[in-house]
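Next up: just one chain, as structure tokens, the form predicted alone.
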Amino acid sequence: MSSNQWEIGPIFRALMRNKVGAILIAIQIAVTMTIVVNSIFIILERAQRIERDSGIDEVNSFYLTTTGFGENFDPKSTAFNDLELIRNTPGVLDAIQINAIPVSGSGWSMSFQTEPGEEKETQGGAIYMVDEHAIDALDLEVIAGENFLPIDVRFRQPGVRDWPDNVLITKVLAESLFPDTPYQNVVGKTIYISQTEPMIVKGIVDKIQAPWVGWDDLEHTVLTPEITGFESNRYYVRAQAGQRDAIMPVIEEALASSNKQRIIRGMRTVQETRERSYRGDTAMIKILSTTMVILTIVTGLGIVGLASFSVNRRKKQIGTRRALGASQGSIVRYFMIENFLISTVGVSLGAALTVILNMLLVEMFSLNALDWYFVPAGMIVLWVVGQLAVFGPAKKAATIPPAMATRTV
């Protein structure tokens, strides 16, 4: 076997004489690349989404709901008594009554605007009804202005439609409402809820996410100073570091014993709530990862099968080349180059299909466009997979003895 016998030209012409198997493998490589590259991109996006910081102390926090019953149940006194009891429990850092839990999937939202009127531009924002303890309980930071004072906090009864005069808003919402104003200068400005009702921005907090993890305005959040007088109250408790699990049953028992005219339910850690909210994203990551592994293995096995078939079909030809002086390295190189040509056709087609599929995903599901470097990275990976898969059959071909050239069977 002379040095020019394993060059690309002769190998390509040999492939064209037996092209069905090569075409099928190239198509398989293209489909695998299309699915794998887009899957990896989606997995990375979902993983980044899951890892987003909610802005609160998730590790040390939990919450529970109490529901009162009976004619003598007094929501107002119950709420104030419960908060005092919880805050005085050893191991509790702080606690608040709150109408919704961040990243829980359920909550309140309203539209806000900088000018009154029906035709004005609005920004959506989640609403958390809290008192002056919210900063410590939720582990927030007032980065401009000041926190609520006890005198700011009102008692909200069922059916009330108006809103408090003062609010705290997140930095992101402040920048969205007043894009041309530094967030520090938003303090003292007026925003409007329900189109015409004014609210003064008393302070800006760093970050707290809304309850809905799939919401585009995830960090558009407003804190209003109010304690609700509903039959069902939700308490959010932040424990001292490392004491959350120990004080959860203590709080539950203390609340149950302090008032027999209500039931305690739905006690859950914020970490568990986060896991539930991102369960769909986690499941998608697992499904796509499994699909990628299976496709890659199947493609690798297909390459091995094609190469093995080619070796078995050409044993006499390989033996003849060995008899003419071809080295084992030359035989291995022949099959490696042959596979490289097939893989090149496959990854080239796969690159085009990858971009097309991503465009469809962007259009149909509002996903982000694929970063450019994913395509060449996917091509390189599939090239490597192809070379690894064909190496075993190529080594087997190289061991065929020259005497095979004289056999008739």
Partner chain sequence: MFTYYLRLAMKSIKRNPILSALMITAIGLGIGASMTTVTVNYLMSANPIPHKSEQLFYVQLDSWSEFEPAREPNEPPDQITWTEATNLMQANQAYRQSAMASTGGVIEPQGQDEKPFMASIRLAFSDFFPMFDVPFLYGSGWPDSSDKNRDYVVVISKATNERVFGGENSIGRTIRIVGENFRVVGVLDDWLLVPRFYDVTTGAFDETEEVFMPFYMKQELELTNGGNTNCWKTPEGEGFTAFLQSECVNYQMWVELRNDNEKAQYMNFLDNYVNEQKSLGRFARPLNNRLSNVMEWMENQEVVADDAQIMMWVSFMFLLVCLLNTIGLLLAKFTGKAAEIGLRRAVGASKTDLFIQHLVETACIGIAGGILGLGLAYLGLEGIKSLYGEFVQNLVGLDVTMMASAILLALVSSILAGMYPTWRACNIAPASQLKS
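Numbering follows the first chain given and starts at 1. The term rigid core refers to the most C-alpha atoms you can superpose between the two forms while keeping them within 1.5 Å. Computed from a predicted model, the values in this text were never measured in an experiment.
This protein has a second form, the form predicted together with its partner chain, left out of what is shown; the following refers to that one.
- Task: Considering only heavy atoms, tell me if F309 and its partner chain come within 4.5 Å of each other in the predicted complex.
- Result: Output for F309 is yes: heavy atoms within 4.5 Å of its partner chain.
- Message: Can you tell me whether T32 touches its partner chain? I mean in the predicted complex, with a 4.5 angstroms heavy atom cut-off.
- Response: Yes - in the predicted complex, heavy atoms of T32 and its partner chain come within 4.5 Å of each other.
- Message: Under a 4.5 Å heavy atom criterion, is P211 part of the interface with its partner chain in the predicted complex?
- Response: No, P211 stays farther than 4.5 Å from its partner chain in the predicted complex.
- Should T67 be classed as touching its partner chain in the predicted complex when contacts are defined as heavy atoms within 4.5 Å? Although its partner chain is absent here, T67 would touch it in the predicted complex, with heavy atoms inside 4.5 Å.
- What stretch, of 238 to 246, 201 to 209, 152 to 160, 182 to 190, brings heavy atoms to within 4.5 Å of its partner chain in the predicted complex? Flagged stretch: 152 to 160.
- its partner chain isn't shown here, but in the predicted complex which of M267, A283, A254, M336 has a heavy atom within 4.5 Å of it? Contact residue from the list: A283.
- Message: Exactly one residue in V345, L361, L370, A351 has a non-hydrogen atom within 4.5 Å of its partner chain in the predicted complex; which is it?
- Response: Going through each option in turn, the one that passes is L361.
- Message: For its partner chain, considered in the predicted complex: do all three of D165, V381 and K395 come within 4.5 Å of it, counting heavy atoms only?
- Response: Not one of the three qualifies.
- Task: Give, in sequence order, every residue of 21 to 48 that has a heavy atom within 4.5 Å of its partner chain in the predicted complex, or say none if there are no such residues.
- Result: Going through 21 to 48 in order - heavy atoms within 4.5 Å of its partner chain in the predicted complex - the hits are G21, L24, I27, Q28, V31, T32, T34, I35, I42, R46.
- Kindly check if the Cα atom of D53 is displaced 2 angstroms or more between the shown form and the other one relative to the superposed rigid core. Where the cores coincide, D53 shows only a C-alpha shift between the shown form and the other one that is less than 2 Å.
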